[in-house]
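In the form predicted on its own, a lone chain appears below as structure tokens.
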């Protein structure tokens, strides 16, 4: 967790109660967002995303492997997140910690439950060989809301990805074939502070919120959600959060489309 002083905490709370943020934003406004694709030339697809001072880079690679026994005719999706000490002094090198595991699982769930990837089209030989889609998320700078930034980076990288050729047991990376996703799931995190809701919480704000809900919407439906923090939510609050997340996810979708 980030160490913030009582003065910083109170200042953030006072600002939110007044309908503003420490950085001057309205409660329901994103920071400046930038998305760049094709930033990692060795990857089949890649994207660099910034939300204010939070920065992530996502790479997509394709490999060939054995299918899972219960889905012998479907490809495999794998999402991995790396939170290293260069991004924040609170992150450590080594095996994925709790934050990295949660981050990768939320992104994986949004992609999987939305059925964005045509996994059935990634079967090479049923029960023997299928394509593996590996989505690697690297946090470059942590200033809050890594969930939304990583999810946007993941879908942006997948949208521009090209699948290699495959012949005689060899992956031909010099070949590039279209890989079309079916939907664009977008994650949007809504944080609750007292009786107020805020979008795109900064790192300081994440320390003072009562709770957060990350909601992933496709163009048409809610496909996954993840609650974080100790605070609870009533049914009518969740409905309001879902609708707010849907509205704001449409804003993010326009950026990458």
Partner chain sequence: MSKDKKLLKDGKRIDGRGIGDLREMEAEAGIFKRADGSGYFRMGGTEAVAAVFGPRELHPKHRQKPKRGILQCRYNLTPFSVEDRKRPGPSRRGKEIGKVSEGALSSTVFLEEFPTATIDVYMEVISADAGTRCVALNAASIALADAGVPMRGLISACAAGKIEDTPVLDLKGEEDKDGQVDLPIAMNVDTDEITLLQMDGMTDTEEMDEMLELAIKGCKKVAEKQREALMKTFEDSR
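Positions refer to the first chain, counted from 1. Since we're looking at a predicted model, the values are computed, not measured.
As for the form predicted together with the partner chain, it is not shown, yet the points below apply to it.
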task = Indicate whether the partner chain has at least one heavy atom within 4.5 Å of a heavy atom of residue 173 in the predicted complex.
result = yes
request  = Please run the contact check for residue 127 against the partner chain in the predicted complex: heavy atoms, 4.5 angstroms, yes or no?
outcome  = no
message = My question is simply whether residue 32 lines the interface with the partner chain in the predicted complex - judged by any non-hydrogen atom within 4.5 Å.
response = no
query = Given that the partner is absent here, does residue 141 sit within 4.5 Å of the partner chain in the predicted complex, heavy atoms only?
reply = yes
ask   = Ok, 221, 26, 36, 195: which has a heavy atom sitting within 4.5 Å of the partner chain in the predicted complex?
value = 221
key: 4.5 Å heavy atom contact with the partner chain in the predicted complex for all of 57, 99 and 203   = yes
ask   = From first to last in sequence, which residues of 38-66 have any non-hydrogen atom within 4.5 angstroms of the partner chain in the predicted complex?
value = 39, 40, 41, 42, 43, 53, 55, 57, 58, 59, 61
